[in-house]
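Just one chain is shown here, as structure tokens, and it is the form predicted alone.
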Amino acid sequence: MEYISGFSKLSKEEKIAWLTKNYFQNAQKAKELLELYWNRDKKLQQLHDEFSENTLSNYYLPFGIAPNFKINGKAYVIPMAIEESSVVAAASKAAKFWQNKGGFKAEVINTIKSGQVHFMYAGDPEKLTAFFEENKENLISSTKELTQNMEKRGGGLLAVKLQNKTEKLKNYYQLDCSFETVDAMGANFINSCLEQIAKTFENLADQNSYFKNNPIKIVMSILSNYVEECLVRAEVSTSIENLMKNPVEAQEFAERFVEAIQIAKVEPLRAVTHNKGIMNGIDAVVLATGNDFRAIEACAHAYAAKDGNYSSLTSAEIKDGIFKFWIEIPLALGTVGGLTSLHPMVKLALEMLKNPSAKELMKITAVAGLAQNFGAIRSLVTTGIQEGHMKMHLMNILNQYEATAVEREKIVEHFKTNVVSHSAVLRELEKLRK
């Protein structure tokens, strides 16, 4: 194994030369592949290089669209960046299914985000509470220079609360701060405010004789990606007879669908895969619009376990002959700042969505997750998940074995009426090649 000092100071060409020489059997081939994925436009490539550190090349994901979405009476084409077969197809199919049944309804319940100043304090809790209440307005006013522009847009720092967490960890307290960041995701804004509050809190404590002997020790100041109050709800509903032409089949489908959701409510082994399917749709939109899918994922799964057991993020019911299916999920999204104003494909995706506000993007993204889940459950309780998925996966198998155009045409035709599996595709290829 090779180690290197000062790697970040090397040029991109020097980094590639070192890497390919020391870590690849065929250095030239590795170098050519890295360079193959560069943008021909040098200015555009420089932009991509500056998104991260030690960048050597670009890693592409397919950028597709799911058309025919009707959300709150409006038509949408939803951009999705994802590599998994059948995700875009399933979302598109669900969109078309619900288009003439009222479409999707979505509403934002709240948009509050939070961050915490975490600190340790071994003194009298009552003295800490009194000190905090006496200085709370000073803590808030210390952020005015940071919040004034956000306040002009309708956001800002909403509240600061002292939380006693000593039952969970000895001497542990926090200042819990809530924020409205309007159309920005707001991570940098929130973190800057928290650090200023922490600095002011510590300085005020240093001026107090009691706290000099019983010091407040700031551990860290950081936003929380668990935005349980930044909630959006999306739903679909229709009469059971409207689900299918055959009323008996429609009733059976609705009942099995609800039972599938109920299983995901009570069985974590199923719920994890169930919610992963929801996130297939959500993450694809989050990536396409330049938002932080890691934060969205972490928050969604924490929310799924908010009641003490990991459970389904979606719900379904049959009541008075009406089938209803819905999702309620926290989504902290932004449409200004970060990649949204830099990445050309993100700009394109947002324009495709009619340049939505953060609230509108929350609704669209929640709908994508609900549509994806509907498509998956619909397949599971009828034909089974593999029929559609493997047919979409067929092209990946053919690419793996470098099938020619003629071979592709013949094999695709064969599997229109046969079950797709890796071994079955390989057998057909071998027959053709003999």
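Owing to the predicted nature of the structure, the values given are computational and were not obtained by experimental measurement. Residues carry their position along the shown sequence, with the first being 1.
The same protein has a further form, the form predicted together with (R)-mevalonate, not shown here; the description that follows concerns it.
Enquirer: If you check in the model of the complex, is residue 143 within 4.5 Å of (R)-mevalonate, heavy atoms only?
Expert: No, residue 143 is distant from the partner.
Enquirer: According to a 4.5 angstroms non-hydrogen atom cut-off, is residue 277 in contact with (R)-mevalonate in the model of the complex?
Expert: Output for residue 277 is yes: heavy atoms within 4.5 Å of (R)-mevalonate.
Enquirer: Evaluate residue 129 for contact with (R)-mevalonate in the model of the complex, applying a 4.5 angstroms cut-off between non-hydrogen atoms, and reply yes or no.
Expert: So residue 129 does not count as contacting (R)-mevalonate.
Enquirer: Residue 151 versus (R)-mevalonate, in the model of the complex: is there a non-hydrogen atom within 4.5 Å?
Expert: Although (R)-mevalonate is absent here, residue 151 would stay clear of it in the model of the complex, with no heavy atoms inside 4.5 Å.
Enquirer: Please state whether all three residues 231, 233 and 313 have a non-hydrogen atom within 4.5 angstroms of (R)-mevalonate in the model of the complex.
Expert: Zero of three within 4.5 Å in the model of the complex.
Enquirer: Looking at 273, 138, 171, 163 here, can you tell me which has any non-hydrogen atom within 4.5 angstroms of (R)-mevalonate in the model of the complex?
Expert: Spelling it out, the residue with a heavy atom inside the cut-off is 273.
Enquirer: Work out which of 394, 34, 380, 47 lies within 4.5 Å of (R)-mevalonate in the model of the complex, going by heavy atoms.
Expert: Here the answer is residue option 380.
Enquirer: Just one of 291 to 299, 207 to 215, 277 to 285, 305 to 313 has residues with a heavy atom within 4.5 Å of (R)-mevalonate in the model of the complex, so point it out.
Expert: Careful reading of the contacts points to 277 to 285.
Enquirer: Hey, which residues along 54 to 92 are within 4.5 angstroms of (R)-mevalonate in the model of the complex, non-hydrogen atoms only?
Expert: If the 4.5 Å heavy-atom criterion is applied to (R)-mevalonate in the model of the complex, 54 to 92 yields only 84.
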